[in-house]
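One chain is shown next in structure tokens, namely the form predicted on its own.
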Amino acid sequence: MAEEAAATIEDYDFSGTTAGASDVFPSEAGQIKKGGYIMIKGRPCKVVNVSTSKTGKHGHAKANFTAVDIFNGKKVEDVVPTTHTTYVPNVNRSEYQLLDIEDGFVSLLQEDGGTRDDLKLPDYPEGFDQEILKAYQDGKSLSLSVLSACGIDQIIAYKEEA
């Protein structure tokens, strides 16, 4: 008779865990308002307009969302019954001090004193990357705002530090 080994805790690797935060969370479509966020076609979007239709012959009121993709600025639309579940992205905004720009990548100072070197200069809006590069080359001390959602990080704004 073959001996079967029972799995022990040592057989599993739990070292690659995250804080458990999800990229998105469920929300009833009727609860999402103008200025809020919504996932449309798998992309995180900011809602610019919401209109609701009355219940019709088949029973569901519908919410018509007009939104803008937060990373590329493209306008998207979606129609969802107000009682159905849709998804809202977890969107975070962080501020970093710019240390260096090399080969289109920025080096940023994190709050813990470490550096972050994995972000590229943004390609949206058009010419924004050149604006940041010129300000940096002019010797200005810059603080960059980075928007994070659904595993995507992108520089969305900058300001000069005093």
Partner chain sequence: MQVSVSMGSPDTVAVPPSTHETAKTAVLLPSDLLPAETPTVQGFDWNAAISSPEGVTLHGLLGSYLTTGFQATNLGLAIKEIERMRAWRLNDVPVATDEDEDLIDPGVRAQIKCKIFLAYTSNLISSGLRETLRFLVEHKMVDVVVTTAGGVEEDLIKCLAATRLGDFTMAGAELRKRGINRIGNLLVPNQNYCLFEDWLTPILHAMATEQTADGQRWTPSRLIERLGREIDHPDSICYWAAKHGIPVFCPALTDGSLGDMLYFFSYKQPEFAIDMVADIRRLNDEAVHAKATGMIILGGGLVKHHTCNANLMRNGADFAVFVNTGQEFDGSDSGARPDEAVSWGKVRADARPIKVYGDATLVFPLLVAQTFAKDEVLTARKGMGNGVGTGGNGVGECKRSRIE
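Positions refer to the first chain, counted from 1. The term rigid core refers to the most C-alpha atoms you can superpose between the two forms while keeping them within 1.5 Å. Predicted, not measured: the structure shown is a model, and the values here were computed from it.
The discussion below concerns the form predicted in complex with its partner chain, not included here.
Using a 4.5 angstroms threshold between heavy atoms, G56 counts as touching its partner chain in the model of the complex. Using a 4.5 Å cutoff between non-hydrogen atoms, N64 counts as a contact of its partner chain in the model of the complex. Taking non-hydrogen atoms only, R93 never approaches its partner chain to within 4.5 angstroms in the model of the complex. Taking the partner from elsewhere, H60 is found to have a heavy atom lying within 4.5 Å of its partner chain in the model of the complex. Partner contacts here mean any heavy atom within 4.5 Å of its partner chain in the model of the complex, and among 48-56, 100-108, 124-132, 23-31 they occur only in 48-56. Interface residues of 27-41, taken as those with a heavy atom within 4.5 Å of its partner chain in the model of the complex (partner not displayed), are limited to K41. Remark: with the core as the superposition reference, the CA shift of G42 between the shown form and the other one stays below 2 Å. Residue displacement note: H58 has its CA displaced by at least 2 Å between the shown form and the other one (rigid core superposed).
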